[in-house]
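Single chain ahead, by itself, as structure tokens, in the form predicted alone.
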Amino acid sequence: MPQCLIDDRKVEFTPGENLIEVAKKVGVEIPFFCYHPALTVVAQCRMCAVEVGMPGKDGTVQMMGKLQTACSTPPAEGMVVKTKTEKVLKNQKSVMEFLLINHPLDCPICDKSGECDLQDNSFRHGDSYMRYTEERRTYLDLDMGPVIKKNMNRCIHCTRCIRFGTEVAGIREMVAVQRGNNTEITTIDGRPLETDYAGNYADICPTGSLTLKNFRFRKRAWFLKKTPSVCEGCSRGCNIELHQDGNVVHRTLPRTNMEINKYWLCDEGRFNSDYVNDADRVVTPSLPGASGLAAVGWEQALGAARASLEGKALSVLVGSDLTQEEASNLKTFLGKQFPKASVFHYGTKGIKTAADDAAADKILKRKSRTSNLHGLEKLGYQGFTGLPAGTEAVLLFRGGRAELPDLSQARHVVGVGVFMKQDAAAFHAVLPGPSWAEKDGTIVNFEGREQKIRRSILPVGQSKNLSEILMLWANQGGKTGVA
């Protein structure tokens, strides 16, 4: 393979790479703002400029007179690159001074603080001395729809957002208007963002100019505990990171996986975790009361659940939002406790089997709105098309994401897992289980890839793992005699 020399370190490269990516191989970090590996190169922030030279015929290195942007410069055999010379460092300080001319000193209240590229590069490559004494430009915050709030005062005109919309989201909705110091990044005609991937604008923004509305002023980044996991929003299984503090999930961010979701995450998956800590979630064993569901003890709830199913024609519905481990344990449990029951999987209206699953857009979304449809069919579960004739009772298992089917035909319904109060209002018993953020397990995506979800928080309230619930049920005594 061809080689070049970066800060006196030899490094091999593949034709087509740029100097930023090649330098990383030998631990050399070249600062940048406008560059992103998934977007076109525009080389406009000039932060990544380095000295570049080539050996001459006599073997001496001839350095180019001007600095070259590392993001747009491909390496060549024998190329010499210097990233720490006085000329490079002076340029970096100048660029930082220029970018901070109009930037407000609001790091103490900015949601990007603690994970801000501008903040980091200012500390590493900037200068504490500022010559600018003129009045800074100011803009009012702009609401850009349900996902993003814009603070133009913090913008450094990197145009990542514009390129993301055009090149990845496939919608030209972000533009730069006017010129020079008056340049403003906005939506066309000030319309709200229309893409289903708007949260990615906040991810790729190197400053606090584009922020998530539902996370603004909620929690400082350095207080959050981060857990790598997998999204349960659809059968793609995008890689994510759950951020929590105080046993509350505050946000979900994409985790890079070039084979599945690359750098991105759809808004549906990003905000799917909101139900985990919802005040309307049933998190205690509950039975019907005079004013809706009433909390009771586990023993009483289990006894009522067993009694409501006793001697009745039973159908068992298993949500395709359960993990492989849960579904496997459940299969064994049902074979012993309810050997005559009809068992089906459910999860997305209109998607009865894995064969019905398909791409829902050109980026990430799939039609199956649960993560483990393909895994359950791999275990032999059959798709739900409707309750069999004569069904009197339904035992319903749900991980939190599966869409509840029509159960009006059944006179008795017992829910095990994650339910909201309004959904479970007519149930005869609710035995609360963990959401996907509260357990470990395996899911299988539409390509057959097995991936691990990781527990980010402890089960909320009195929720118990499904294996514990099944054990408690079985220990209350033998078979139930349910048909």
Partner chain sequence: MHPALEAETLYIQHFRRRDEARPLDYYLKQMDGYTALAKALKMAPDQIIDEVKKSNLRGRGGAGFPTGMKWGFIPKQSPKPKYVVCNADESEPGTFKDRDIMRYTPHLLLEGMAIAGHAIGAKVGYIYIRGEYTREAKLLDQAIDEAYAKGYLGQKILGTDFSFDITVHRGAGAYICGEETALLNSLEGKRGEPRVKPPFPAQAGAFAGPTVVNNVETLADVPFIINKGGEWFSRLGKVERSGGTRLISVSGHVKKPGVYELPAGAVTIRELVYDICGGILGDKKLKAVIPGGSSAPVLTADEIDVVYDIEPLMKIGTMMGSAALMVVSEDYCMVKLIKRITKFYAHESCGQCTPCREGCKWMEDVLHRIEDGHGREQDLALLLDIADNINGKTLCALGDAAAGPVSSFVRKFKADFEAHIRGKKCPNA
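What you see is a predicted model; the values in this text were computed from it and never measured. Numbering follows the first chain given and starts at 1.
Just so it is clear, the following notes concern the form predicted in complex with its partner chain, a form of the same protein that is not shown.
> Report yes if all three of Tyr132, Ile156 and Thr183 come within 4.5 Å of its partner chain in the predicted bound form by some heavy atom, otherwise no.
The answer is yes: all three residues contact the partner (heavy atom, 4.5 Å cut-off).
> Of 410-418, 23-31, 61-69, 428-436, which is the one stretch near its partner chain in the predicted bound form, taking non-hydrogen atoms within 4.5 angstroms as near?
Residues of 61-69 come within 4.5 Å of the partner.
> Which one, Leu99, Met174, Ala393, Val283, lies within 4.5 Å of its partner chain in the predicted bound form by heavy atoms?
The option sitting close enough to the partner is Leu99.
> So which of Ser113, Asn91, Asn247, Ser328 reaches within 4.5 angstroms of its partner chain in the predicted bound form, heavy atom to heavy atom?
That would be Asn91.
> Is Cys45 close to its partner chain in the predicted bound form, meaning a heavy atom pair under 4.5 Å apart or at it?
Yes, contact at 4.5 Å.
> Taking heavy atoms and a 4.5 Å cut-off, does Leu39 contact its partner chain in the predicted bound form?
The answer is no: Leu39 has no heavy atom within 4.5 Å of its partner chain.
> Given that its partner chain is not shown alongside this chain, does Arg137 nevertheless sit within 4.5 Å of it in the predicted bound form, heavy atom to heavy atom?
Yes, Arg137 is a contact residue.
> Even though its partner chain is not shown here, does Val95 get within 4.5 Å of it in the predicted bound form, heavy atoms only?
Contact with its partner chain, yes.
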